[in-house]
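Only one chain is given next, in structure tokens, and it is the form predicted on its own.
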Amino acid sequence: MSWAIMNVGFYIIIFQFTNEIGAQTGWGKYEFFVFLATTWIINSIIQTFFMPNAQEFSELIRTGNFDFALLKPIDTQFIISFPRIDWSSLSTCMMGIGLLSYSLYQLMVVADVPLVLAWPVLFLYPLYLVCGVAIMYSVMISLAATSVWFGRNQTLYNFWFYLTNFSRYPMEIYKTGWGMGLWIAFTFFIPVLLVVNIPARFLARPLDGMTSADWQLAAFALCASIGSLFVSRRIFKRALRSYRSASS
């Protein structure tokens, strides 16, 4: 609760001095709070289902307990990804849903020009939440797989947090100066900028205001989520072929 209050309070202070995050981006106060709530929801799902297990992977490699996972008659990546669930992390998801509901109320009821949610949004928003989770999971499992080569890779999890920090802000703020390089890298090569931007954009903006470029980016996000899962699967399988058990 303290973390959520400080997070929201920080942006309330920012919006006392500006009307938008990024000039002429359309991310006003409550539009950005929809964005922030979406970030919380996706990160909460990752931290509940995947983060504890990815952190444990390097320890399984170091101690040799990974041998027992390989012997089980079930897909190794599946059993590595889902042995434990951290239910307490879902509290962030609940706060995200609360912030999302409040922000949408402000946009749809209180705003001078009320937002009208088209019915396709009810399908598109959860679909792109799933896509965002898939991209985040792919980045995480790829980093976890490097434990096979590096043994202990706790510093790479810090790298994962730094990397995904870029997804916490609207992609429009990167489209200037040297930030354009970051926009290209984290949109088309490591597509973390698509994780929150696409679902939040569908929910916080009128659907009929979407440009052809927005729709193309949304189509690319679907392809990127499938491609990310495919690449991370190949990395994991390649890591397994390099694995030497604790007895070797």
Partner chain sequence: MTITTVEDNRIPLRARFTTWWVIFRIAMEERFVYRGDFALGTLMRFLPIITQIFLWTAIFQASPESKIAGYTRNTVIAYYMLTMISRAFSSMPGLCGGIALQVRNGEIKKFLIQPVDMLGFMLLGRVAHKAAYYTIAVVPFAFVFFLCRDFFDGWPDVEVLIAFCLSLFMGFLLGFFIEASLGLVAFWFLEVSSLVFIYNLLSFFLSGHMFPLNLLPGWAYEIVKVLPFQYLAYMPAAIFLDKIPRSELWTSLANEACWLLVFVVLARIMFQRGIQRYSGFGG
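Positions refer to the first chain, counted from 1. Source: prediction; values computed, not measured.
As for the form predicted in complex with its partner chain, it is not shown, yet the points below apply to it.
- Contact with its partner chain in the model of the complex, defined as a heavy atom within 4.5 Å, is made by none of E56, I85 and L90.
- In short, of 215-223, 63-71, 177-185, 38-46 it is 177-185 that has heavy atoms within 4.5 Å of its partner chain in the model of the complex.
- When its partner chain is considered in the model of the complex, N165 lines it closely, a heavy atom lying within 4.5 Å.
- Remark: F17 counts among the residues lining its partner chain in the model of the complex, judged by a heavy atom distance of 4.5 Å or less.
- A residue is said to contact a partner when one of its heavy atoms sits within 4.5 Å of a partner heavy atom; I21 meets this definition for its partner chain in the model of the complex.
- In the model of the complex, Y105 stays away from its partner chain, with no heavy atom inside 4.5 Å.
- Interface residue among L122, M94, I173, V130 relative to its partner chain in the model of the complex, by the heavy atom within 4.5 Å criterion: I173.
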